[in-house]
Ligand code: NAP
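For reference, the chain that follows is the form predicted alone, supplied as structure tokens.
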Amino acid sequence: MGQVIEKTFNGLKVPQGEKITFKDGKPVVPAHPIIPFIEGDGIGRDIWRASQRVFDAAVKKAYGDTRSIAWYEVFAGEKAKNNHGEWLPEGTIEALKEFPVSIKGPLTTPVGGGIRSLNVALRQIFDLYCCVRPVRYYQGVPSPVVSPEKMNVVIYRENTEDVYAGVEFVSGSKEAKQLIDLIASFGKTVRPDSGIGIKPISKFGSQRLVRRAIEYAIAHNLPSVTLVHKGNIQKFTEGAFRDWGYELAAEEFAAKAISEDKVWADFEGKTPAGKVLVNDRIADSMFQQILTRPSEYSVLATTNLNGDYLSDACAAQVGGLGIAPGANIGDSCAIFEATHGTAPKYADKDVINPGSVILSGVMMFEFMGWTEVRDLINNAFAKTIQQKLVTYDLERLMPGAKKLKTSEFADAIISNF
């Protein structure tokens, strides 16, 4: 049942279990891994309790006593501030370094100075450069579009650069004036009352993101990776992201990937068998195409801000953020998370849909290689919705549905294993 680790973080002793390690950017997972969790603020308490029960029941169903999760609570957000005096305690950071696969609920963004966003802070501290958001439709979920079942994409959003590494100076500040003068020395004009923002996008950051996206498409036998950018206007940031993506595909994946230009030049527009098509789309066109032709896309690789918009726009077509999972993945750490907010007015009322955390757990189990658990939860989740056993957010939009509490929805999923 694992080893005894004589350590404490934030004053809590580590449970009996085993460490997950990383090798060549991939997790090496023992039978009884220690996995930290942050329950989250507001509704996080309700949805984490429900989700953990689903996870444990699925592991038990799949593996009996041969595998189990040793859950270990760590703290961030309001609970950390109240109990430890910090929004993100050093003990939490150290625990996540020690046990590098974890899962979390939604966190409050502190008002005022200090950390802009706890979620962004975690991504930057652990260099979690891939924000991964799979978006698929579950039969029966209300949708604003005619054919939501055509949407089935995985979005790989760069998670450390662009606006996340942006530098801003307020209008009228000394720094803004100095930058405007510097820009003027290059022969460019910026209005003197402008606020100034700088968005860095690097070759290194772009290519490691695209590499992950292509690797995912190859591993899952998906037909294409689409580079999404605004390179027609921002040629040396967004446009460079596109160029560096094609360059990476040609240099590292020549045997398994092929560019759209080459497909048309050499194969009359038909992708050769066994090859992943690498193409690109301008961001504004992409927003139209995910509405009108979603079935033509499978993996989207995007810059940070474009990916932020796209993720929520795609999720809206298949039921919204309540059932939208997410992951932040790097080469030596991965944090899986709910993608919605804390909704404090609903906290402790046992009414909120726990789907985002549950499906983020599905992603976590896939990442760990525990595919039997992934499939159990995914299939039971879909079946529960088809039975019209749902929380209030979906019940009010589904004629004939039965409204369940958060805890009851977890019970229904478990009963459908």
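Source: prediction; values computed, not measured. In this text, residue numbers run from 1 along the sequence as written.
Omitted from view is the form predicted together with the named molecule, to which the following refers.
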| item | value |
| --- | --- |
| Partner contact for residue 337 in the predicted complex: the named molecule, 4.5 angstroms, heavy atom | yes |
| Residue 345 within 4.5 Å of the named molecule in the predicted complex, heavy atoms | yes |
| Residue 166, heavy atom within 4.5 angstroms of the named molecule in the predicted complex | no |
| 4.5 Å heavy atom contact, residue 396 to the named molecule in the predicted complex | yes |
| 231, 322, 100, 89 - the one with a heavy atom within 4.5 Å of the named molecule in the predicted complex | 322 |
| The named molecule: the contacting residue among 143, 152, 237, 119 in the predicted complex [heavy atom, 4.5 Å] | 119 |
| Answer range among 25-33, 39-47, 371-379, 64-72 for contact with the named molecule, defined in the predicted complex as heavy atoms within 4.5 Å | 39-47 |
